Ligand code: ARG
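Only one chain comes next, encoded as structure tokens, the form predicted on its own.
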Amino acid sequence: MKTNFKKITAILAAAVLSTAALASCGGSDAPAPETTSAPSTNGDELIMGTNAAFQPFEYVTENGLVDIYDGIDVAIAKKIADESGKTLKIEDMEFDGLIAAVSTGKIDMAVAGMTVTEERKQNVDFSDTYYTASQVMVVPADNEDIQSAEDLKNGKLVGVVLGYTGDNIVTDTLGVSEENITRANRGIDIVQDVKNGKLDAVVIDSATGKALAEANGLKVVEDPAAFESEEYAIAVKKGNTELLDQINSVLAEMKANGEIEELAVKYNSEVGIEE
């Protein structure tokens, strides 16, 4: 994710499964049954599915906005729940299971820095977009070898988060050798491998990448030519137009009055990201 507000799946091998998604998070998801029927109601609760390891969008903290959860997406989801007269409940799960959870009605909406892709649109309906993001490379502070995305193909050991856009880019677009790719379930875990010298770089959404780099004494390398921008939106079950309309109404209000931009500045600042 880019920190600028306006700028702003999976090969599973037992040996490398350790993986969170920005969020972004793009990439591909396992197909889920498509239906046009509305999901079952959840009474007075609005259930948000997310992967709470994606600062500044969703993360776990001692005093969260909703229980132990906080972040830009949590604040947006809470506003949607409040406007709907419901209590927000958050289900923390692996990112690559969110689409299926929405499609089967386990959760009402996935709010997880999720990138809109044509593949995902086959299984869920998306709200209007609310944040534009891109990818960056998190590398050691003294790195001199990786200056562009192309450098990742020169035998570098690269980490990604399963299901994120970075996974798709590294695997398919850049064509990094599979033996040189390590996948994890959370950005914080895979970035630790860079810090500990096990990996040369991690490709991840920029806002999260910058926050993790700052917290671990690492640095970020950007390559706008290689990493195109992507749009984040909220996923709901196909055919749930009532909820989708409510979400879009709240998003429109929050964008118009600058509230989402204020949230971006606030949470980016809290994790040490300069706008």
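Computed from a predicted structure; not experimentally measured. Counting begins at 1, following the sequence as shown.
Omitted from view is the form predicted in complex with the ligand, to which the following refers.
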Identify which of Met109, Ala112, Val191, Ile80 has a heavy atom within 4.5 Å of the ligand in the predicted bound form; exactly one of them does. Ala112
Work out which of the listed stretches, 61 to 69, 237 to 245, 47 to 55, 212 to 220, brings a heavy atom within 4.5 angstroms of the ligand in the predicted bound form. 47 to 55
Contact label in the predicted bound form: Arg120 to the ligand, heavy atom within 4.5 Å: yes
Can you name the residues of 59 to 88 that have a heavy atom within 4.5 Å of the ligand in the predicted bound form? none
